[in-house]
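Only one chain is included here, represented as structure tokens and corresponding to the form predicted alone.
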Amino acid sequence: MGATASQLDKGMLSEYQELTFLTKQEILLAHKRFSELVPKEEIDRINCRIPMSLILTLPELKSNPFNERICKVFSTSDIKDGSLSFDDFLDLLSAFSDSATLEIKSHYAFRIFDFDDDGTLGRHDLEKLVNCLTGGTDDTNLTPDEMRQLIDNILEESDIDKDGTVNLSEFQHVISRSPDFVSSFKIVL
């Protein structure tokens, strides 16, 4: 793939539509929104990257408690800085689109929640997940005992092989029993 920041021809548009869960209109809107974030000096550079700090100014991501993790998971930057190319941005929007499958959505949710990128959701990942969901402030933080009990309950329910972590297939099994997951795991421009 790979598009210039200032133009998107019909061939590229068709290719993007084939490779994503997005409609042509959604791709064009994504391109417009991405282009608005491109620094002026980069506007004609092929495959320019938008810094994570600018991506996080998008209202759709600004208030998401996992916004930085989302950028880092979808970023293909060699320096792992969370910056996004247009292809990365489309991949992100595609995974969060209404048309994405449960398998795709649960795969990316798992990667976002796997804060240490070790391929499992361990106690530390689950604690960070709970803190993100509850706001992570002194007013909303659970006590250490409450956190331990909650994580014990999560593992009791989810850790099928009883190894002390939740792997992708165990996570997908839990998600498959959550009817609201697909409709709530979305970002709409």
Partner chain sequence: MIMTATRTMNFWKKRIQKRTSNSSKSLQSVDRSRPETMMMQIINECTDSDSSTSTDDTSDWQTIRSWTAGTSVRSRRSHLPHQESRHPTNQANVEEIRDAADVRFGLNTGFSEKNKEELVSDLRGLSVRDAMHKLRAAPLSLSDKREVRRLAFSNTVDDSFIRKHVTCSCCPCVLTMWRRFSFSCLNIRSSLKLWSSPMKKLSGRFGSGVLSYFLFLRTLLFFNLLLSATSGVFLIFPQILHPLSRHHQCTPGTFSGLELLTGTGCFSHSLMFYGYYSNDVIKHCGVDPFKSSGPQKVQSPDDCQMFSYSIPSAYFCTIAFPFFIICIILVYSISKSFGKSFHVLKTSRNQAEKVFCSWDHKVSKKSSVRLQCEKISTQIKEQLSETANGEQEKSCKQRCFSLIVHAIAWTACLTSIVLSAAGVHFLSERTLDQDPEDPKLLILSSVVSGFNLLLPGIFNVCGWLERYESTGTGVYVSIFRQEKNLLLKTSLIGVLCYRWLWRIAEIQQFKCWESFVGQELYRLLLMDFLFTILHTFLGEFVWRLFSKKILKKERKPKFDIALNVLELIYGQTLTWLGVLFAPLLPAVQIIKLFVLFYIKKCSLMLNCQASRKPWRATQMTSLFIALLWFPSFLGAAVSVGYTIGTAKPSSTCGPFRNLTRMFESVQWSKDLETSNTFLFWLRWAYNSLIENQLFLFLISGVLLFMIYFQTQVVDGQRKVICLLEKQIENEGTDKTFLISQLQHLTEQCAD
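The model shown is predicted, which means the values in this text are computed figures rather than measured ones. Numbering follows the first chain given and starts at 1.
Note that the form predicted in complex with the partner chain isn't included here; everything after this is about it.
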query	finding
Close approach of S35 to the partner chain in the predicted complex, 4.5 Å, heavy atom	no
Contact label in the predicted complex: F113 to the partner chain, heavy atom within 4.5 Å	yes
D180: touches the partner chain in the predicted complex, heavy atom cutoff 4.5 angstroms	yes
I154: touches the partner chain in the predicted complex, heavy atom cutoff 4.5 angstroms	yes
Heavy atom contacts to the partner chain in the predicted complex at 4.5 Å, residues of 20-34 in sequence order	T20, F21, T23, K24, Q25
